[in-house]
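This document opens with one chain alone, in structure tokens, the form predicted on its own.
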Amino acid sequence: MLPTLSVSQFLTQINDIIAGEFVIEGEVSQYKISQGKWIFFDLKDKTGCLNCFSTVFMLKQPLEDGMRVRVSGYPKIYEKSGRFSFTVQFVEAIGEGSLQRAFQLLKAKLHGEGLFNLERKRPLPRFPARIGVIASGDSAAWGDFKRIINNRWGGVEILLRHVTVQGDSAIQDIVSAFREFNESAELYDVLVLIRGGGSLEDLAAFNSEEVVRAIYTSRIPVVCGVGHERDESLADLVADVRASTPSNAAERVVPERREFFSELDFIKDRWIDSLSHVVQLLRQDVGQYQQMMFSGLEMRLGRLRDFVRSSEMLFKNIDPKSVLKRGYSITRDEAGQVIKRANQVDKGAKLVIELAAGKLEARTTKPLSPSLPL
């Protein structure tokens, strides 16, 4: 005889039987978000329908009705309602149409948050000394990147963090690589994320919200070169610098040696031309200054010459010899004192009279007449 179970006991046994993780594919129907955090939708195929539940914190990929997806999670019958539901923990779009629509939905969401704004993008250092690379170490993309870096510039330290670039573990692997590099961000000048081309499904990790936000929050400037030139990923859009290919990423990170030296020669020639022009202007200024200085000196010398001539004329006019030439004389006593008053000498005193030409000796013979004081 079968044992009698309570409803709760029965549901517990059923949940034990169906316990486990499952991966299911189907088409999304009746998708809705309740209270801004609970997600409900049905997953359907041609004959079946599965009620699914999740949260906005668990599912990063926006969904809409009609998209074909692959979900992973756990089935459960809820005791209070008796309702069977599948709790979704991970979802990915499948099929070209659904992948493209998922891409557009997530792109619109992240754009609305400002993750792709140009003003937040950082410039790259002109001459990086250490470059961190996130790529598959077995890929042609990694080999091309190294070769071009060494050919273009050389002497740069490159550190590779090998990651899986597609498949179930790719997203978490890439996010972990960003976290590890940023733990010692001060050691790196630039961070490069690269992989070769592929289908939209192959590039799914580079269109995931987790990877996009890892790039957005990186403390190190990020260059992203994913796929071929025609490919566009959300990782490209959020990166500080978007490269069309892994090879182009190497070209964007370091300068080309010959171009750099040509640039130096051009700058040198411009400096020489500029300095020559400055020297020429200075020479002109010096010439003009010298001319002004010489003109000033000539004017000063002219004024000095006029002053000297005037002084010479004055000295000539007051020179006693010039006075003597006009008929005057100078009378001195025996001691050489100039006689200015008659009462300076006695009768019979010897006198010397200086004329314009020669001297005369004389003696006073007449009584001295009174003299007016000088």
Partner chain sequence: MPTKEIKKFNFTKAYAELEKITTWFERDDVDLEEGMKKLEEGSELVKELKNYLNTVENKIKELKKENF
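Positions refer to the first chain, counted from 1. The shown structure was predicted, so the numbers you read here are calculated from the model rather than taken from an experiment.
Another form exists, predicted in complex with the partner chain; not displayed. Remarks below refer to it.
The stretch that touches the partner chain in the predicted complex, counting heavy atoms within 4.5 Å, is 175-183, out of 299-307, 104-112, 175-183, 83-91. For the options 219, 270, 283, 120, the residue carrying a heavy atom within 4.5 angstroms of the partner chain in the predicted complex is 270. The contact residue chosen from 295, 100, 274, 288 relative to the partner chain in the predicted complex is 274, the criterion being a non-hydrogen atom within 4.5 angstroms. The shortest heavy atom separation between residue 150 and the partner chain in the predicted complex is within 4.5 Å.
With a 4.5 Å cutoff on heavy atoms, residue 161 counts as touching the partner chain in the predicted complex. A residue is said to contact a partner when one of its heavy atoms sits within 4.5 Å of a partner heavy atom; residue 170 fails this definition for the partner chain in the predicted complex, lying far away. The shortest heavy atom separation between residue 156 and the partner chain in the predicted complex is within 4.5 Å. Contact here is defined as any heavy atom lying within 4.5 Å of the partner chain in the predicted complex, and by that definition not a single one of 10, 39 and 206 is a contact residue. In the predicted complex, the partner chain lies within 4.5 angstroms of at least one heavy atom of each of the following residues of 99-128: 126, 127, in sequence order.
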